[in-house]
Structure formats: structure tokens, C-alpha cells
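We begin with a single chain expressed as C-alpha cells, specifically the form predicted on its own.
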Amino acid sequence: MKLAKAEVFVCCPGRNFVTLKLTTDDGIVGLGDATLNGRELAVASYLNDHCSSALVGRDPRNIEDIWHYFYRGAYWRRGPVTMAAISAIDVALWDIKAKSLNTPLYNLLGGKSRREVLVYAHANGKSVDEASAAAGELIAQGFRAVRIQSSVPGLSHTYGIAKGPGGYEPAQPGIAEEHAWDSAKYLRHVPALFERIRADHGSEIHLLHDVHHRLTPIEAARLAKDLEPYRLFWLEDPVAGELQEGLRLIRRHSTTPIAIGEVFNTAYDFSTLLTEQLIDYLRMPICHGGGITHLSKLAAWASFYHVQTGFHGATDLSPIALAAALHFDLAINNFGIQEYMPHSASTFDVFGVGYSLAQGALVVSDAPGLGVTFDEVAAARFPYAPASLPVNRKLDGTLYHW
């Protein structure tokens, strides 16, 4: 078996996706998601200019060797663009291998460790009342875990809150929007938000919250401590994670569980966080973190430090990425929870999926491989639409973390 063709498709059925399609000489197709929100064309170029021709003629069953060829074989290694490209290649190869063996991908990762994958949904609101009402609707639908975000009084924009009707989409056409930020207003608001949510919805539902990297370590420690009475499932990205040692301060002052890693792209980004047990959940997505090959090693390493997975799963990743995460979630022992946001109807014109939602969990079909199909004709009806993520400035104009 040899790889005969490597093709890259960029389409926008509601939002931009980059899809890698690998085809073998006997007609088996493997799919990988190479989407990097706001930098889609950079990854597409990396694949087209540096990877596609090097893939043709290789045996797709040699996944480990191919992974190292594109990681160790490139002097300029790591980084989000490189790792998104490698991830797409890796997932597509695993898809091919599972299809060639006529088995679901999870069977190549050790088989099922559970019957279903617990997911969390997003409850957002322009006010505390709206956020609580949104949470109530999701709980009524059967969700057992809900992420809560609401507008911060005194700020014109808040992460996670849609400006108008419809779902939240931070990437917008043109150059990056500039949003205003004030940590003091945020720190006053969030504990009151969760006090209200617990009062309205009780203690059984799992509650999560995303800080989105916006606090200093001491501010994050204060917030984590203030939120302890509300028993969060996790506090996500409380600080910018580049300085791993910064998490020590949070751990020293609070028992609120910490999740981090949505913007990480290699296992090395977690070295101090794991060995010092500074986090409880790792969030690096399969489609940005080197694919199944690399995440398998990271998850195994994390398991020895009692750290579980909680992969990023927003709609800025395609159904291919979610399917890969679900097969991985089913198989590994130290799975924690999976983020879930429903894709638009037009997304499913392009991608056919083999997973389904029932009572707050996703169930994976027994279709061979990932269980995802890609319709090139439909994709052509949704051309790429340039969009940029926002930037943040403090109220005095200082550029800050978005």
C-alpha cells in the first residue's frame, strides 16, 4: 500500500475549515483536520508547499516513522502552523489504517474504555439572568456539564458572548476587532455569577468556566479561591500558559481544578505542569498537538500524574477533529470530559459524521476509521472567507491577552 495523492481543501460552510485528504493506490481515503482559526491559509500552504509531495509514495501504515519525518526532519519544528499540519497528516494516516483493517479507529488505540463520551455544552448570556436561563435549557436537554460565561458589567465585549442573535463566533471579517478589558471588573463579577448559577440549578450539575488566559497568577489564584464554594469541574486557562511556573501560585492558594493547553502544540509545553501536578486537565486538541501519535504519548504520561484529558472542541475545528477526539476519548483510561459545540447545518452538507448526541454524551458509530466523510463538491459551494480573531486592550489602551 502506498500513498498516491495528498490534497488540501479550504472551505467555509459557516466558518473556515482546512481538510487534508490522503488517498492510497488502492483507493482508501484518510481525512485530517488542519484548521487553525484565523491562520487557515498558512497551514494550507505548509501542507501544499512542504508536505504533500513528500507524502506521495510512502507506506501509510508506517505512522510513527512518518510523524518523525515531518517533526524531526524539519529543522524549524514546533509552532501552531507546523503542528496543525503534522496533526492533519497523522489523523489521516490513522483513518487509513483503521479503514484498511475494517475497524473503528478506537480499536487501534486499545478498544473502548467506556460506553460514551461525557461532553460539556456552552451557556452564555448578556446578563446573569440570560446565562442562568441558557444553563437551564441545556440541563433540560440532558446535559450534565455546562460551561458558564456572561457579559462583564462595564465592558463592551466579553469573551464567549455573541453580539447578536445566533451562536458566538469570535473571528470576524477584516482586520482584528479591538476589545476592552478590565481584570478588576471581571474578578468582581464571576463569583457572583456562579453563586447565582448554583442557587438556580443546584449542586448536581458540573459547572465550568473559561478565563481565556486573562489573569496574572495572583489574580487567578484569588479567583480560583473565590470560586471554591461553587465546586467547579474546572477553571480553564486562568493564565497565559507559556510561563508554566505561574501555575504554582494558583495551586498554592486553591483546590479549584485547573484545565489548560488549548493553545499548546507539543507535549513539551506540559512538562512542568505534569511533573509538579499543577493542573488537573490537559486541553491541547489532537488537531493542533501532533495528532493521535503525539497525544497518545502525552495522555499516557499525564496519567501517571493523575491528570485527565478535556480536549478543546469548539466549532473552530471541523467534525473530523471532533471525531478523532471522540475515538481517543473512548479508548484512553484517563479521559475527563470533551468540549462540545454543535456545528452549523451547512457544515454537515460538507462533512458526514458517525457520532450522535444523547443525554449529554456523544456516542461513536462502529463505522471503519473515523466515521467521517468529506464532500468535495459541497465544499466548493462554500469558498474561503477571510476572518480574524479579536485583540484585547486594557481600558487605558495597553495591549493585553485576548
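What you see is a predicted model; the values in this text were computed from it and never measured. Note that residue numbering follows the sequence shown and begins at 1.
The form predicted in complex with a small molecule exists for this protein as well; it is not shown, and the discussion that follows is about that form.
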Item to complete: Scan H212, K185, R251, K97 and let me know which has any heavy atom within 4.5 Å of the small molecule in the predicted bound form.
Response: H212
Worksheet item: Of P170, P319, P285, P104, which one comes within 4.5 Å of the small molecule in the predicted bound form, counting heavy atoms only?
Response: P170
Practice prompt. Look at the candidate spot formed by R144, H327 and L357 and say whether the small molecule comes within 4.5 Å of a heavy atom in all three of them in the predicted bound form.
Written response: no
Practice prompt. Using a 4.5 Å heavy atom cut-off, indicate which stretch of 199 to 207, 111 to 119, 307 to 315, 89 to 97 touches the small molecule in the predicted bound form.
Written response: 307 to 315
Item to complete: Give a yes or no for N37: in the predicted bound form, does one of its heavy atoms lie within 4.5 Å of a heavy atom belonging to the small molecule?
Response: yes
Discussion item. I'd like to check something about W402: if you look in the predicted bound form, is any of its heavy atoms closer than or equal to 4.5 Å to a heavy atom of the small molecule?
Written reply: yes
Worksheet item: Is F264 close enough to touch the small molecule in the predicted bound form, meaning at least one heavy atom pair within 4.5 Å?
Response: no
Worksheet item: Does the 4.5 Å heavy atom contact test between A380 and the small molecule in the predicted bound form come out positive?
Response: no
